Ligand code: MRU
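Given next, in structure tokens, is a single chain: the form predicted alone.
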Amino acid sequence: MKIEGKEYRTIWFDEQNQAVKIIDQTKLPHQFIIKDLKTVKDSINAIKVMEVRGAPLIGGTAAYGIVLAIMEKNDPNFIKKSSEELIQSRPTAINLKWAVDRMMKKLSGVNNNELLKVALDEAKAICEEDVKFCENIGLNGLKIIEEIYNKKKDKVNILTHCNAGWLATINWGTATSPIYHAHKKGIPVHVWVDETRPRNQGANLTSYELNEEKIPNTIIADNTGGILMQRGEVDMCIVGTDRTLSTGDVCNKIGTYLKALAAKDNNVPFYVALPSSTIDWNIENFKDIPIEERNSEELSHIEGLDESNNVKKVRIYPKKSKTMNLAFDVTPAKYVTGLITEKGICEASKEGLKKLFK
């Protein structure tokens, strides 16, 4: 996708400098900075502090983290320890563990002198696979948008939450991919962008990338979606997911559950877009999903540009106030209209997923 008219991906390997390149998302939307990752610790830190974020991109970064570990020290114990540290860097997104496990399985039994090449090829394959999956998610989701447009013959208003755009994947995005495909096909779409406190990924990232693709969008406070649905100003919701259970229950950015409840009450279709790498086939009870609790400063402080155009962080809460910063919530399958995957659209249920994924 584009930034200032130039095509980018969120992560790539620089052969010349032997480094992994990322877009530092903590600096967006005010600064566009490409950063080098040269050690496995760099990868772990990038995931922890959310220089990279979004389940598929975290997976890609972890895969390249294994590559960097081999470049740093081609030793089985060091590589295994690095893999464990990568998995622990963020607990909720299943893609991270999925990617590390896939890398380690691929490297099992490979000769030391071939290890780096095999690892690099596999990390690239994981990223290329995600690009294709996200493109197919878009083509499948496009059918839903087309159906709504053919009935309305007017712009299609879509509400999304957090950033499930191309910045959260390698390219295309999950929730945004159908929107990008609809826009490219000439269907008039408008996106209601949830601000997504506390890190404001909707305002800082989703709106930013939609602007770059010249797609009309409006940032709203997280609590505004309900009244827009009551007024008939939302035709459909599309969100992403960090972990979807085989039961169809969806774990996503905090606030997703409330949007699903509002959508159900107002008969607004609520879709979840995901690649199959985000499906957890092992956990069946959503209460067993590890829900990340992040630093309270994400709530108590906010960043923005001051009058001199400098990025500044300021406190917005009383110093004595306590905060609780849960990063994710779970939307039960009964509130999900359908799951949009790379293989097609299915019901959010064990039976629905089994029809697509044998």
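Fair warning: this is a prediction, and the values are worked out from it, not measured in the lab. Each residue number is its position in the shown sequence, starting from 1.
One more form of this protein exists, namely the form predicted together with the ligand; it is left out here, but the text below deals with it.
**Q** Is it the case in the predicted bound form that 54, 168 and 201 each bring at least one heavy atom within 4.5 Å of the ligand?
**A** Yes: each residue has a heavy atom within 4.5 Å of the partner.
**Q** Where, among 96-104, 219-227, 158-166, 111-119, do residues come within 4.5 Å of the ligand in the predicted bound form by heavy atom distance?
**A** Residues of 158-166 come within 4.5 Å of the partner.
**Q** Ok, 28, 50, 289, 333: which has a heavy atom sitting within 4.5 Å of the ligand in the predicted bound form?
**A** Only one option qualifies, and that one is 50.
**Q** Does at least one non-hydrogen atom of residue 174 fall within 4.5 angstroms of the ligand in the predicted bound form?
**A** Contact check for residue 174: yes, within 4.5 Å of the ligand in the predicted bound form.
**Q** May I ask you to state whether residue 181 is within 4.5 Å of the ligand in the predicted bound form, using heavy atom distances?
**A** Residue-level check for residue 181: no, no contact with the ligand.
**Q** Is the gap between residue 194 and the ligand in the predicted bound form 4.5 Å or less for some heavy atom pair?
**A** Heavy-atom contact with the ligand at 4.5 Å: absent for residue 194.
**Q** Within a 4.5 Å heavy atom cut-off, is residue 259 in contact with the ligand in the predicted bound form?
**A** Outside the cut-off, so no.
**Q** What residues, if any, in 296-334 have a non-hydrogen atom within 4.5 angstroms of the ligand in the predicted bound form?
**A** Residue within 4.5 Å: 328 only.
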